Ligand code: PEP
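Listed next as structure tokens is one chain, alone, in the form predicted on its own.
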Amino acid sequence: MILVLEKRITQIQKDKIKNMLSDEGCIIREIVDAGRNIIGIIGNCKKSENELRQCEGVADVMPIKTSYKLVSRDFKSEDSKVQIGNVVVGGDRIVIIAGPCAVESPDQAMTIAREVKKYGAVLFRGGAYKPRSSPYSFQGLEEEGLKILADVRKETGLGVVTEITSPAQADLMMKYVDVVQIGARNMQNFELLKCVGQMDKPVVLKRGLASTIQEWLMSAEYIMAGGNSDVILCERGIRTFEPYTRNTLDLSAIPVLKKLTHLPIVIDPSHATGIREKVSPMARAAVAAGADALMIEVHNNPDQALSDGPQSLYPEQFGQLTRDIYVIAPVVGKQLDFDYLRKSRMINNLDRDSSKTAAFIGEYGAYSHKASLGYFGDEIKPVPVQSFKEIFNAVQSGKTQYGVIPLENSLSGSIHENFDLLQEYDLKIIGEITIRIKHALIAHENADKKAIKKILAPPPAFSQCRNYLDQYPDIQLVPVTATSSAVRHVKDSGDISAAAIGSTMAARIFNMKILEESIEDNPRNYTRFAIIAKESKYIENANKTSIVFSTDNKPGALFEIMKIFSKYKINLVKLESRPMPGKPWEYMFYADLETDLEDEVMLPVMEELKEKSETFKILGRY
């Protein structure tokens, strides 16, 4: 049962409710969900729903009909996020967990850890205790293996994940590792579930070999009932009649779980298939189906592996897989961030007095808001402002640490105002992120699409939805600054004949109805955002540079610049001209180069560019 508390409830009223429920032997969990303060009640509460409704401070009472309570979507409508050091599982960024099936030696573990980190892994997996089908198989290095995992974390900065097989190992797990894993064979080892439920460690709960989704969720309930809410569900294949693969990977479990539970989901295609060549296709499919994370087995010498070598990827194969995931993830509204750990370290190294915020245009739910979450996760607080110039002013003055600005859209082209502001302000581009733009038509809950008389949106959104809007020539188009602002205007107006073009995220935030989804002209609708800051500290291994330059007004001047890029084999990925303020028919050129121009080896390039340019400025390296 769920108690929805009134917004103005006092602490005395809340304590009275909690004490009353505790006296009756109920397990209670207090959370904030979708802006509501909620108390979840587990156990046989003697008071009826009507009696609970009469309690001071209670706004509503709702029963949870499923046998699993705390893990249910009824209990918590928002997706849960599990924090593991600087890594968050369940957010906008795909989390990659990789490493060998078993820790075999310090050299083996460290070698693989460095490789998987290089290719995008943010957590390292490796078994120290190995429950095997045969008593004669390698059973793991036990505590020595845990010590090796701790050394890997210290050396590489990767959090470590390993399996716990007995409650007797709990103290060692607390000492050495970051995440404990309940293996498939122990999914219904209830004493072990109770044990990890009392541990202050995130738990990866693997699905049993022949377990239903309901049984799996009930095992997660054991852990959460014990007080540990940091649970991640791991689908690793179930046993079926098909003998070709080791198990059958149940990808349909992903959308089913997304409906039933708020817990994040990781997919283990290695144990599911048992065949190296099948791992990558299943991993790609898992991301497309909505998985929050992947757990991949990688070994530098799989033919000599002491456990599960045939299903382990070579490091180079793992690198190819992560590159594929990088391309696939934005299609489903996710990101694979190769700079995940560097960004977290950069943010944690900020001065305590620094504003850990990022300004974006519009309201919460804007695509710029989503870009901020995709780039920073929850480590930087997004701050809405009303104009692009206000973003630049906020960063320049130190009011916010970062700014998130759209630079170009694949359908409507460049946002020229921001290119001009980059030239005007002394700020640096420190990163970029590309997200897919899926527009929805959003209105009030009781609105009728046939009765819509006006639609609010920023001009680029109108441009991107031209084919859809041309079907309704009599509808008035009202321009605003941002899609989320459009949704708020419609919400605040109370006008059921008005609609907005915006994101499904904005519709959810403002509790509005989606009349129609995906109304953009082309599904290949992407926007590239730049992250700006006052300085580019902590940028390592940059592979892209943005510049602005001007040339003499004479024939062949631009060609001379292009010859420099050709001479040094530098790939030019963008070139755009913009008028110079106050100088009619004279232009600045903006260019993106696939190189780090501030690297020492690029000094000759820099000298030649400055020599051939009338003005030259580096906008950022990232």
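Start at 1 and count along the sequence shown; that's the residue number. Note that the structure is a prediction, hence the values are computed from the model and not measured.
The same protein has a further form, the form predicted in complex with ligand PEP, not shown here; the description that follows concerns it.
Site residues 70, 232 and 262 are none of them in contact with ligand PEP in the model of the complex, judged by any heavy atom within 4.5 Å. Partner contact region in the model of the complex: 182 to 190, out of 182 to 190, 108 to 116, 493 to 501, 470 to 478, criterion any non-hydrogen atom within 4.5 Å of ligand PEP. For the chain shown alone, residue 299 is not a contact residue for ligand PEP in the model of the complex, no non-hydrogen atom being within 4.5 angstroms. The shortest heavy atom separation between residue 76 and ligand PEP in the model of the complex exceeds 4.5 Å. Interface residue remark: residue 236 is counted as part of the site for ligand PEP in the model of the complex, having a heavy atom within 4.5 Å. Ligand PEP in the model of the complex is approached by residue 101, whose closest heavy atom lies within 4.5 angstroms of it. Site annotation in the model of the complex: the residue of 221, 520, 163, 363 reaching within 4.5 Å of ligand PEP with a heavy atom is 163. Contact with ligand PEP in the model of the complex, judged by any heavy atom within 4.5 Å, is made by just one of 488, 369, 271, 439: 271.
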